[in-house]
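Let's start with one chain on its own, the form predicted on its own, as structure tokens.
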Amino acid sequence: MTLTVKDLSVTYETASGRKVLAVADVNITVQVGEFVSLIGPSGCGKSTVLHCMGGMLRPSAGSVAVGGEEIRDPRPERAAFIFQDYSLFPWKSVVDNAAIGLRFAGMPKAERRARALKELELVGLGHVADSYPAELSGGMQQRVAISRALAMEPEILLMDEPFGALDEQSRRRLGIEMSRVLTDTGKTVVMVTHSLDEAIFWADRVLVMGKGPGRIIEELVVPEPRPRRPEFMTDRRFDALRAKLFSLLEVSPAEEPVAVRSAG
């Protein structure tokens, strides 16, 4: 289902009672199966927009809807989050961690184990299903977190700096793997990242937010079908997009907001 953000604004109140406009007049449309990256300077409201998309935060003005139905609360079967923090239970096995959302949803044990095992196989972790988080590398733990989200069979995946805790080599290797997996599943994905390379390599479109109050100031389309090969990172088109993003983030102007629509 299409994800639609319309005229979204979010205002916070500080401890002293002062009101701060964090996000202003954001308009985004994400079509089914599309991957969109959201990038911008720290404090511009990227995660705020993502939390509104998942129903974890209510807009001060405007709306977020999936398939025309307005989002008013979090529902993992509609939009599942993947965060930088893996949030795995150390006393539970890998498969039980992958199935934890299904357990909370009331699915019978045998059924949730079977679904969790299927998702672990998808991300290349079927062979460690009965291991424990402490026995896994950081990249493997993040794959468990991804399988946990996929096990909920959500319409949309919302990823907030999913690989931020990993070293650069692990981050790139896992990013290439997961880009293939998410393309194969056909999931609709919105990802917040500070990495220019990740934003370009993963996404069909990159949306750039300017300084607070956060607004969409630019939309860049990545002219390469997914999943992408590592060689794309040395392509002149990749270099051109990276240079454009770098320029935008260096200046990060407070311009008029841009309403972005998918080409689909």
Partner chain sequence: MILDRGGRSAAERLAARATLIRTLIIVGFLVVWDLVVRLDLVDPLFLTGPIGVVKAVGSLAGDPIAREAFSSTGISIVTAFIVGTSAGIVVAAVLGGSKVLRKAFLAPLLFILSTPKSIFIPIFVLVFGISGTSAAAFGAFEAFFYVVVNVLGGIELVEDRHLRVARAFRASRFHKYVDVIGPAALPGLFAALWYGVKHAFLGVMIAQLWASRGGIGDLIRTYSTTLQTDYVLAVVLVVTLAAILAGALWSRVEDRLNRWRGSRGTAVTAGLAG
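Computed from a predicted model, the values in this text were never measured in an experiment. Positions refer to the first chain, counted from 1.
Keep in mind the form predicted in complex with its partner chain is missing from the figure; the text below concerns it.
Residue in contact with its partner chain in the predicted complex (any heavy atom within 4.5 Å), chosen from R180, K92, K109, R173: K92. For the options A149, V192, L125, V189, the residue carrying a heavy atom within 4.5 angstroms of its partner chain in the predicted complex is A149. Heavy atoms of no residue among Y12, A22 and D25 are located within 4.5 Å of its partner chain in the predicted complex. The closest heavy atom approach of D85 to its partner chain in the predicted complex falls within 4.5 Å. A residue is said to contact a partner when one of its heavy atoms sits within 4.5 Å of a partner heavy atom; L220 fails this definition for its partner chain in the predicted complex, lying far away. Using a 4.5 angstroms threshold between heavy atoms, R75 counts as touching its partner chain in the predicted complex. When its partner chain is considered in the predicted complex, G62 lies well away from it, no heavy atom lying within 4.5 Å.
Heavy atoms within 4.5 Å of its partner chain in the predicted complex map, among the stretches 226 to 234, 27 to 35, 202 to 210, 54 to 62, onto 54 to 62 alone. In this stretch, 109 to 141, the one residue having a heavy atom within 4.5 Å of its partner chain in the predicted complex is A134; the partner itself is omitted from this view.
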